[in-house]
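Form predicted on its own, single chain, as structure tokens, below.
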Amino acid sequence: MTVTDQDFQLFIYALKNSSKYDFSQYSEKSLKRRLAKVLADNRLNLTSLINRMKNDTNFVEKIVKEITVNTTELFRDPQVWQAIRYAILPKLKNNSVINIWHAGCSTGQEVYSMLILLNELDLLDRTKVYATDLNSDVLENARQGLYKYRFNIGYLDNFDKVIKENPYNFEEYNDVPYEKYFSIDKSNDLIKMSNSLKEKPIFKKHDLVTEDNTLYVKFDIILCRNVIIYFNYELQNRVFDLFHKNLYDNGCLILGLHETILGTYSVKFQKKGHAYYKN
């Protein structure tokens, strides 16, 4: 199903009028593609979709959940996590409290990656970890810390590269058992995070597009990985402004491997390796 420019604008207008969601500054190309899939999956044309949105708030929530992207994995892009382990977190080892925000946390694997790493560095007890997302379903999935094993079998390789191996010293090997942090049930195809990890983060619904910092703390680290790629330039700058205001001086922002800060806000951050430090 093809979504025209006019279809796209009609959908954005209807969504904004029937809910608190504003997708007008999302990347048009990716959103069109996902809107086409939503129409096909729900066997609706655009007119029917819009009419139902006007009268059914639960349906609006369902459509928003379907149209937002939720792809993540444990220790995704191990080279980024190696930088967090060896270059970023050590700078905070003398802090009495460390505040970390996972913005756009999706189903939570990134959050659990951070918790595991913090524990390995003996920093978990004095760290407050916040995780937010627009989609309440993925937040509930994150709270449960329950994932498909076969679909996520690559997690274990990532875990080994970040937790067990040291890329700067190949002779060093930390024999950390998976069972320290999660159980693996192959017969039921499940990976289940330990209760001690699940109890730590504060999960909260939050819209980066329309809301300011509703967590009411400033942060040492903000991770917003593979999110801004779906925003247009103006919206990216709004989000960078939000992050800049809510980072401590010299606090660091970590984006996706293929994301970058361009234009106005590039001068407000200094890039070092995989991180952007607040100037």
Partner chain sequence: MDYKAVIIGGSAGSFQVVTRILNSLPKSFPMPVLLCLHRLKHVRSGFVEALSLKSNIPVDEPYDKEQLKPSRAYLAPANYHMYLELANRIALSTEDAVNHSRPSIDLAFITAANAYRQKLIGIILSGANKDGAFGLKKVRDNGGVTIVQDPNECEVRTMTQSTLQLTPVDHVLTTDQIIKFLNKL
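Being a predicted model, the structure only gives us computed values, none of them experimental. Positions refer to the first chain, counted from 1.
Omitted from view is the form predicted together with the partner chain, to which the following refers.
Asks: Answer yes if any heavy atom of R76 is within 4.5 Å of a heavy atom of the partner chain in the predicted bound form; otherwise answer no.
Replies: Yes, contact at 4.5 Å.
Asks: Taking any heavy atom pair closer than or equal to 4.5 Å as contact, tell me whether D22 reaches the partner chain in the predicted bound form.
Replies: D22: no, not in contact with the partner chain in the predicted bound form.
Asks: Taking any heavy atom pair closer than or equal to 4.5 Å as contact, tell me whether I63 reaches the partner chain in the predicted bound form.
Replies: Contact with the partner chain, no.
Asks: Is there any non-hydrogen atom of K271 lying within 4.5 Å of the partner chain in the predicted bound form?
Replies: Within the cut-off, so yes.
Asks: Name the residue from K54, K245, K29, R43 that puts a heavy atom within 4.5 Å of the partner chain in the predicted bound form.
Replies: Partner contact (heavy atom, 4.5 Å) among the options: K29.
Asks: If contact means any heavy atom within 4.5 Å, which of 245-253, 207-215, 45-53, 220-228 contacts the partner chain in the predicted bound form?
Replies: It is 220-228 that comes within 4.5 Å of the partner.
Asks: Taking a heavy atom within 4.5 Å as contact, would all three of Y86, N166 and N169 count as contacting the partner chain in the predicted bound form?
Replies: Answer is no for this spot.
Asks: Looking at the partner chain in the predicted bound form, which residues in 230-244 have at least one heavy atom within 4.5 Å of it?
Replies: The stretch touches the partner through Y230, F231, N232, Y233, Q236.
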